[in-house]
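A single chain comes next, written as structure tokens; it is the form predicted on its own.
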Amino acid sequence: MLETYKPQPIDTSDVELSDELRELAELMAKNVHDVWAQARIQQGWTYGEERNDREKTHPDLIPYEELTEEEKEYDRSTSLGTLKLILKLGFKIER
């Protein structure tokens, strides 16, 4: 029997980001969305009011600025988590 997968992400709850890094996270979030959208479009997906995997339509194939805050938060979470992990692992982020 296969063992049940138990994710064990590195705890970054003690990492605080500066205002500058929070701004970077927002730029990263926009880029994450653009990379996702570009890949979908290349796969033949188009904008549609509802997601339909068979017809390859998705309501989030719009500019990042037009996404709902809930959808933006999904991308922000990825970006913030990535920046916190980089710092937690001892790397420095410099302009």
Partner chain sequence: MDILSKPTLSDELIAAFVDGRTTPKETQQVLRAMLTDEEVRDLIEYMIRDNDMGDIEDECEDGQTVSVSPLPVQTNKTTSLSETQLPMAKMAAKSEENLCGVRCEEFIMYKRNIPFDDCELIQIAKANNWLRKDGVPLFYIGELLARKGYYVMRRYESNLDDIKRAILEKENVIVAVNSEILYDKKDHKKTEPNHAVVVLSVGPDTVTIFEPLNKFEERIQVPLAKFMLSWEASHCYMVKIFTNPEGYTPQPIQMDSVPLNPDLTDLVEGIAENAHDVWAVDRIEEGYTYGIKRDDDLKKHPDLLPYSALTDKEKNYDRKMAINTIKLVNLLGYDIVKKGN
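All of these numbers come straight from a predicted model, not from anything done at the bench. Numbering follows the first chain given and starts at 1.
Absent from the display: the form predicted together with the partner chain. The rest refers to it.
Visitor: Please tell me whether any heavy atom belonging to residue 77 falls inside 4.5 Å of a heavy atom of the partner chain, as the geometry stands in the predicted bound form.
Guide: Output for residue 77 is no: heavy atoms all beyond 4.5 Å of the partner chain.
Visitor: Just checking whether residue 51 would be counted as a contact of the partner chain in the predicted bound form - the rule being heavy atoms within 4.5 angstroms.
Guide: Although the partner chain is absent here, residue 51 would touch it in the predicted bound form, with heavy atoms inside 4.5 Å.
Visitor: Can you work out whether residue 83 and the partner chain are in contact in the predicted bound form, taking contact to mean some heavy atom pair no more than 4.5 Å apart?
Guide: Output for residue 83 is yes: heavy atoms within 4.5 Å of the partner chain.
Visitor: Might residue 17 be said to contact the partner chain in the predicted bound form, defining contact as any heavy atom within 4.5 Å?
Guide: So residue 17 does not count as contacting the partner chain.
Visitor: Which residues, if any, of 65-95 lie within 4.5 Å of the partner chain in the predicted bound form when only heavy atoms count?
Guide: Those in contact are 65, 66, 67, 68, 70, 74, 75, 82, 83, 85, 86, 87, 89, 90, 91, 92, 93, 94, 95.
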